[in-house]
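Quick setup: one chain, the form predicted on its own, written in structure tokens, and binding and motion questions come after.
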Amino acid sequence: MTGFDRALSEVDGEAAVAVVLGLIADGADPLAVLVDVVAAGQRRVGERWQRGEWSVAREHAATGVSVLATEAIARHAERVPVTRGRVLVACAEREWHLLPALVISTAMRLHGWDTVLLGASTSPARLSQYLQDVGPDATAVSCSVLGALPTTRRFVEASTTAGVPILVGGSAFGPDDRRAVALGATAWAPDAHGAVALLDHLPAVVPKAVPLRGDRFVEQAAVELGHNRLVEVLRGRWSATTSGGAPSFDAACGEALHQAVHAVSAALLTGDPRPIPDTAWWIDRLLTARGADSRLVAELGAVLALAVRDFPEAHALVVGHWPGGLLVPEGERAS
């Protein structure tokens, strides 16, 4: 276990700050410390929660330690002279994971950019106001969860309407630029290194994003609007949530339901079906780590297909891309 991992495990913010500042004092590249120590350590925190090794409370406490370490590097970055333009850095609305945006903002500041971090779950209206007040050279948006992709699209509309290029990134975009292109973003970065490199090459002015029109987007809007209703329908049909269980297992199942509906919405919005199988596999790892049978995931695919049967595009996505087949509950059918 590294010194930083030990600090995360023991929820020792002072030790975590000492580790990162010690590495920088010894000559390490601050950006490498940010990415290879802090961000990598935080990924392992998420994996421990997914494997059921850490509770949500412990995960949040460790995340607070990562934030303290990142803020320490951010204070170091303030010593770097501003030699480039200004970037607005924001989390899309419904995106409460501030740490990735803080990492990106700090990475850009280390590269000589003046950054303005707007915080977690920024509304499109607030972004528009800052675009008008600050007049940035670029907007950078962090999006870690599929449920925030629709509001990221609204950020794209707000930023490009002002003529400001918009750079997007985060795990919700997957391994390539397909979803970013579908949303009309100016550029997509796979990580902090990529974001810093891309900033120097963004156009000064961009055209307004092309409107999204068609049946797929109509269905996406309906699924997004009816999200909570669909989750309750699934909760009432999926045996994992109707049979009852330990509070931690029930909480994991509740999260699985939300992510399953978000995956359908993301696939409709971007035309990329991969959120569906990726989410199914994520749910499988989440539940089997807590002792559940993998057949519960196949059953969830079936009840999800049934719940969206009035949306032809969504129904076809679930039937065609939920992995491992659909295990239809007794007395119901998926199509």
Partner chain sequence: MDGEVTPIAVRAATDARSERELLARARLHVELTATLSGSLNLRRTVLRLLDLITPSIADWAVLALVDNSGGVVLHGGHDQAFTTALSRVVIEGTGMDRVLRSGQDELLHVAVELDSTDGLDTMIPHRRLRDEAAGLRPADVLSLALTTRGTTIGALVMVRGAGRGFPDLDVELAGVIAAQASIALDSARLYEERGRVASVLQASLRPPDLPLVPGARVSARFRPADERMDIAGDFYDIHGSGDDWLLVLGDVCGKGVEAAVLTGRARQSIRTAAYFDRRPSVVLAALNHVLCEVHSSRFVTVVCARFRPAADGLSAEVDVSVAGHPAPILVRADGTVDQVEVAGIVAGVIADASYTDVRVTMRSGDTMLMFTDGVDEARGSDGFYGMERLLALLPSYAGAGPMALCEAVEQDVVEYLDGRAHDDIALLAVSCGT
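On a predicted model such as this, the values are computed, not experimentally measured, just so you know. Residue numbers count along the first chain shown, from 1.
Just so you know, the form predicted in complex with the partner chain exists too; it's not on screen, but the next bit is about it.
Visitor: Tell me, out of 204, 221, 80, 251, which residue has a non-hydrogen atom within 4.5 angstroms of the partner chain in the predicted bound form.
Guide: Filtering the options by heavy-atom distance leaves 204.
Visitor: To verify the annotation, which of these, 68, 287, 298, 31, has a non-hydrogen atom within 4.5 Å of the partner chain in the predicted bound form?
Guide: By the 4.5 Å criterion, the partner-contacting residue is 68.
Visitor: Flag this candidate site as yes only if 112, 200 and 278 all have a heavy atom within 4.5 Å of the partner chain in the predicted bound form; otherwise mark no.
Guide: So, no: the whole triplet misses the partner chain.
Visitor: Which single stretch, out of 128-136, 240-248, 174-182, 212-220, brings residue heavy atoms within 4.5 Å of the partner chain in the predicted bound form?
Guide: Result of the contact check: 128-136.
Visitor: Residue 40 near the partner chain in the predicted bound form, any heavy atom under 4.5 Å?
Guide: No.
Visitor: Should residue 144 be counted as a contact of the partner chain in the predicted bound form, where contact means heavy atoms within 4.5 Å?
Guide: Output for residue 144 is no: heavy atoms all beyond 4.5 Å of the partner chain.
Visitor: Residue 162 near the partner chain in the predicted bound form, any heavy atom under 4.5 Å?
Guide: Heavy-atom contact with the partner chain at 4.5 Å: present for residue 162.
Visitor: Taking the partner chain as it sits in the predicted bound form, is residue 259 near enough to touch it, meaning that at least one heavy atom pair lies within 4.5 angstroms?
Guide: Output for residue 259 is no: heavy atoms all beyond 4.5 Å of the partner chain.
Visitor: Do any residues of 217-256 have a non-hydrogen atom within 4.5 angstroms of the partner chain in the predicted bound form? If so, which ones, in sequence order?
Guide: Read in sequence order, the lone residue that approaches the partner chain (within 4.5 Å, in the predicted bound form) is 228.
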